[in-house]
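Here's a solo chain for you in structure tokens, the form predicted on its own.
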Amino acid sequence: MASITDETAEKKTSPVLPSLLRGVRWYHVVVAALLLIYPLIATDFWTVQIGAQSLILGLIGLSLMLLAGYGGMVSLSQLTVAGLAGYLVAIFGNAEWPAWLMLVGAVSLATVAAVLIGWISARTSGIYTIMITLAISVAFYYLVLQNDPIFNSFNGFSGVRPPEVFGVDWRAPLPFFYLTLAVVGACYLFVLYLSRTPFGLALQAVRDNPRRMASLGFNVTAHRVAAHGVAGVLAGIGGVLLVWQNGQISPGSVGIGPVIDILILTVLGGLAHPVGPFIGAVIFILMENFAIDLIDRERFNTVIGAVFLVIVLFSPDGVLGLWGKLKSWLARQSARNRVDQW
């Protein structure tokens, strides 16, 4: 508790920008430089279908990481929140709302939905949270599938395009990639910053020991609901980018398969690390696009399931956990060699 209080006092006197950049490391700069160069040397397919889609799915996975990694709440409703934002962008766009009002309205209503989901599930934990959020996702899927006046039933919406701003066609591969990169980069830095704020530290303490935090006067339920709200903003932004990238949205976009995919890619990369969902998204997208060259398309789920099983068995912390084990092994080998030489 003392460390949290000291950290809180320090943050109150720290400017936001230096605090935001405090979590940035040299490899973040290298990766950012590579991502800036990437669309200049890649084809349109690799720019949009691989690069931009990995960033978008990684952003939705980041919202799950925020809940599970920092809050200890594994939610299966993040793709549902993203899908709601995507549907709202399509609906508001058909109603010819101004672009700014369309975006603010879609993300705001998706955030409200996320807060409601958090309010329903925050008093549970473990398998019960998973089951509640899964039930909500299934209910939303059947709602959009069977509702024709609002969600256009089975057909959904097509021809959804980002608005032209400053005369730029943001649907074109290069502008869309840089738009996605800027938005996702800002969200990633925000999560790094949030993890060091008093709220982020309290949320991690709630994850570790909710009873002790409650005895210290912290409102555990309020922190969990607020975390769902923040994660809802991230998922909502990801949903808007996803519907712009696909150009359409339908019940299949929010079905059980995509809901589970977000959990899989987040666990693949590393559920406890902000960068984990992005690594998992790259692996997932590459396998989804190129596994067909090795096996039948119908066998893709078998391949991704096998990879998921292997990684979870050997490293519950995902690919980043494997990397951590490799670094530890190399350090031990290096120390052993130095001892032998001495």
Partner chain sequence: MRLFLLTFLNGLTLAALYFIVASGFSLVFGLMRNVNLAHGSLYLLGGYIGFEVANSTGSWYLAVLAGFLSMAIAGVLLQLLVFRYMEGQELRQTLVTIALSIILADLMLAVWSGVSYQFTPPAWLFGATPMPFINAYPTYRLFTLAAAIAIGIALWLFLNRTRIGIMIRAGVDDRGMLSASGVNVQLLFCVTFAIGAGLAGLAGVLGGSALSIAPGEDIRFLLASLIVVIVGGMGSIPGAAIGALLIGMTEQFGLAYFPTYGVVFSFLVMVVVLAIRPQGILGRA
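It should be emphasised that the depicted structure is a prediction, and the values quoted were computed from it without experimental measurement. Residue numbers count along the first chain shown, from 1.
Form predicted in complex with the partner chain: not shown, discussed below.
Visitor: Quick one: from A222, A214, I256, L189, grab the residue that has a heavy atom within 4.5 Å of the partner chain in the predicted bound form.
Guide: Checking each option against the partner chain in the predicted bound form, the one that comes within 4.5 Å is I256.
Visitor: I need to confirm a contact call. Of V183, I91, I120, V160, which residue comes within 4.5 Å of the partner chain in the predicted bound form, counting heavy atoms only?
Guide: Residue within 4.5 Å of the partner: I120.
Visitor: Would T124, I132 and Y142 all count as contacting the partner chain in the predicted bound form, using a 4.5 Å heavy atom cut-off?
Guide: Checking in the predicted bound form: T124, I132 and Y142 are all within 4.5 Å of the partner chain.
Visitor: Just to confirm, V233 within 4.5 Å of the partner chain in the predicted bound form by heavy atoms?
Guide: Because no heavy atom of V233 falls inside 4.5 Å of the partner chain in the predicted bound form, the answer is no.
Visitor: V107 versus the partner chain, in the predicted bound form: is there a non-hydrogen atom within 4.5 Å?
Guide: Although the partner chain is absent here, V107 would stay clear of it in the predicted bound form, with no heavy atoms inside 4.5 Å.
Visitor: Within 4.5 Å, heavy atoms only: does N289 come near the partner chain in the predicted bound form?
Guide: Heavy-atom contact with the partner chain at 4.5 Å: absent for N289.
Visitor: Do Q204 and the partner chain come within 4.5 Å of each other in the predicted bound form, heavy atoms counted?
Guide: Heavy-atom contact with the partner chain at 4.5 Å: absent for Q204.
Visitor: Quick check for you: of 94-102, 236-244, 258-266, 206-214, which stretch puts a non-hydrogen atom within 4.5 Å of the partner chain in the predicted bound form?
Guide: Going by heavy atoms within 4.5 Å, the stretch is 258-266.
Visitor: Which residues, if any, of 65-101 lie within 4.5 Å of the partner chain in the predicted bound form when only heavy atoms count?
Guide: In sequence order, V74, L76 come within 4.5 Å of the partner.
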